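Listed next as C-alpha cells is one chain, alone, in the form predicted alone.
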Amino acid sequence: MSKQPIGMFDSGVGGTSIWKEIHELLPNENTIYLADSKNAPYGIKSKNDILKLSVKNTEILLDRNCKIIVVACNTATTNAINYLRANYDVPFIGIEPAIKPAALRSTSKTVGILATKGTLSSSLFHSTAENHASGIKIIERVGTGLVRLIESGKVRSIETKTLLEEYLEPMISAGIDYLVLGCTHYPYLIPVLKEMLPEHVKIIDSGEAVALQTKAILENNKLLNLSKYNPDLQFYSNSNLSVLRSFIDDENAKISSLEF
C-alpha cells in the first residue's frame, strides 16, 4: 500500500476531466494536479518545447513524492511520454485519442477526430490510427482556438459554437457515427456538441480508460492507497485560479497558485 499521491499534469484545466474519472474510480487516493495554463495550449508548440514543459511538470510532481504520473494531455503524451518513461523510474500513464473503440464500434465506417495540431501531427497518433483503424475513413479536424476558449471559461460562448460548427460540418457531411475527442479539454464541450451533432453520432473520449489503466498499474505495483480517510486533493495553477475553481466541484479540493 502507498499513501503517496498520484501526480497529473496538463496544459491547463482540461486534464481535470481525467482527474474526475480517476478520483471517481479511486476515491481514497491522494492527488496532485498541475494546470500549466500559462503555457496553454501545448498543441501549437514544437515537439522540443512540449518535451521541455513535460519534463518540468514531471520533476515538480516527483519533488512532491508522486508514486505515478498521469500525463493528462494528449499532446504531451504523443510527443513526450516515451522520453519520460525512458528517463524516470515511476510509472507513467498517457492519453491517446480513443481511435480503437470508435473504429471497432462504427457501423458507417467513418469516424471524426477533433484534436490539437500537436496530437494529429505526431507519429504516435499516426501509428495508432494505422494499427486500429484499417478500413475506417477518419475525418481529422484541428480544434484551433478551442483550448484557449475553454481556458477562459467560455465553453458556451458564441465564438466556441461558431468554431465547433466549422469543425463539425465536414464530419457530419461525411457521415460519421462516432466523434473522438483527442484533447482532455474537449470533454467539457460535450453538452454543446450533443446539441450540434445528429442524435445517432456518439461521442467518445479517453477518460474512463485512463482511470482503469491507472488503477491496474497501481494494483500491479502494489501502490493502491487502501486507507479510509478524506484524501488530500491538491490543485496548482500558474495562471487564473478562478477558471480552475470553476471546473472543480469537490469540497475537499485545495486550489493554489504556483509559479512554474
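The first residue of the sequence shown is number 1, and the count goes up from there. Computed from a predicted model, the values in this text were never measured in an experiment.
In what follows, reference is made to the form predicted together with D-glutamic acid (DGL), a form of this protein that is not presented.
Proximity of 106, 179 and 205 to D-glutamic acid (DGL) in the model of the complex is absent: no residue of the three has a non-hydrogen atom within 4.5 angstroms. Within 4.5 Å of any heavy atom of D-glutamic acid (DGL) in the model of the complex lies no heavy atom of residue 171. Looking at residue 119, you'd find a heavy atom of it within 4.5 angstroms of D-glutamic acid (DGL) in the model of the complex. By the criterion of a heavy atom within 4.5 Å, residue 147 is counted among the residues contacting D-glutamic acid (DGL) in the model of the complex. In the model of the complex, D-glutamic acid (DGL) sits within 4.5 Å of a heavy atom belonging to residue 42. The partner is not drawn, yet in the model of the complex one stretch among 182-190, 134-142, 158-166, 80-88 has residues with heavy atoms inside 4.5 Å of D-glutamic acid (DGL): 182-190. Residues of 2-17 that come within 4.5 Å of D-glutamic acid (DGL) in the model of the complex, judged by any heavy atom, are 10, 11 in sequence order.
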